[in-house]
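Only one chain is shown below, in structure tokens, and it's the form predicted on its own.
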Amino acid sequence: MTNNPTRCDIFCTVIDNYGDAAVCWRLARQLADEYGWRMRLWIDDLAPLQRLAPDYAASPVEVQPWPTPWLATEPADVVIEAFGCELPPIYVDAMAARSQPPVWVNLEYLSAERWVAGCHGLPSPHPRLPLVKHFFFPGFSDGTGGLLRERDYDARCKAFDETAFRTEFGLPAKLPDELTISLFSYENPALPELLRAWADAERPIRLLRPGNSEAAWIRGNLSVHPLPFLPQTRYDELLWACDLNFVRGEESFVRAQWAAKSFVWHIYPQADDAHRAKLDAFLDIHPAGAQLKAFWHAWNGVGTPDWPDFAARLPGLEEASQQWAITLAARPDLASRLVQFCLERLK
């Protein structure tokens, strides 16, 4: 290798509306900002990116629409195939034609399941070309690829002004006993019953719904405030401003853990309820997993959410969330592990 910056292509096909694009953009931006890599993101749908990062065109990451048909393109030194999306055959052939084939990485979905550590980093030789693809699994243990977390995260969190945030979005000053909740989820049949429980709650609840276009309303002790769709950096601020965060998929799930606040995860539903094993695998490793289980299961379609019971547990859950964030932050982040993995394979 020369002293030139490492060139990296990330390929992303949008499946989960914003989740896949959000993870790929966050990784691309971190590799460019913190490691000086020359990043190029190929994405088949720009719409999510335009909302997640409205300023993406001014960033150091080159964003390219996934063309159809694919045009001849010089492959990068590192090629990241996100979430098993299939690379264009003409690009793969060009990879094989290089004097030194690229480091080819299949970035997998996040899971806490025990088998992940055993599969992380495994090679998969191409059936006909002199190429090897390696599986890279994000995860929570030392034997996995870690979690995405920027170097400036703690500094941004420390500098956050909650009062200014609430003022910007037209929220009144926080009441002494108010519980502020953010809600970002998939369609959920349990939501109407939960809204009724919040309206009947003993303490005032202020619900913030990013990306929701409904009008603000009040019922009983529940005040609902729609917010615009928030770019990634602003979404972190929303999590910091709330006492409890309902999150979904992978991206907001990880950010909720860094926020060190109590949270409820709506996992991406899969065929044959395969997602439930992933949900339970995470509950098994979280320090408050036993306390979270009943409510999380109900929010994910197994039972009815018992809000009074869950609300009574919140003080202990917040302490556990803070400890969990400290534990995770003590481990190397995903970008640093990925860089090390790739540089070891580049000559």
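One-based numbering along the sequence shown. Predicted model, so just to flag it, every value in this text is computed and none were measured.
FYI, the form predicted together with a small molecule isn't displayed, but the following is about it.
Chemist: Applying a 4.5 Å heavy atom distance criterion, does Arg248 contact the small molecule in the predicted complex?
Modeler: Heavy-atom contact with the small molecule at 4.5 Å: present for Arg248.
Chemist: Against the small molecule in the predicted complex, would Phe229 count as a contact residue? Criterion: heavy atoms within 4.5 Å.
Modeler: Residue-level check for Phe229: yes, a contact with the small molecule.
Chemist: Are any of the heavy atoms in Asp20 no more than 4.5 Å from a heavy atom of the small molecule in the predicted complex?
Modeler: Flag for Asp20 set to yes.
Chemist: Report yes if any heavy atom of Val63 sits within 4.5 Å of a heavy atom of the small molecule in the predicted complex; otherwise report no.
Modeler: No.
Chemist: From the candidate stretches 145-153, 249-257, 129-137, 90-98, select the single one in contact with the small molecule in the predicted complex, where contact means a heavy atom within 4.5 Å.
Modeler: This holds for exactly one stretch, 249-257.
Chemist: Of Leu52, Leu292, Leu27, Ala298, which residue is found within 4.5 angstroms of the small molecule in the predicted complex when only non-hydrogen atoms are counted?
Modeler: Contact residue from the list: Leu52.
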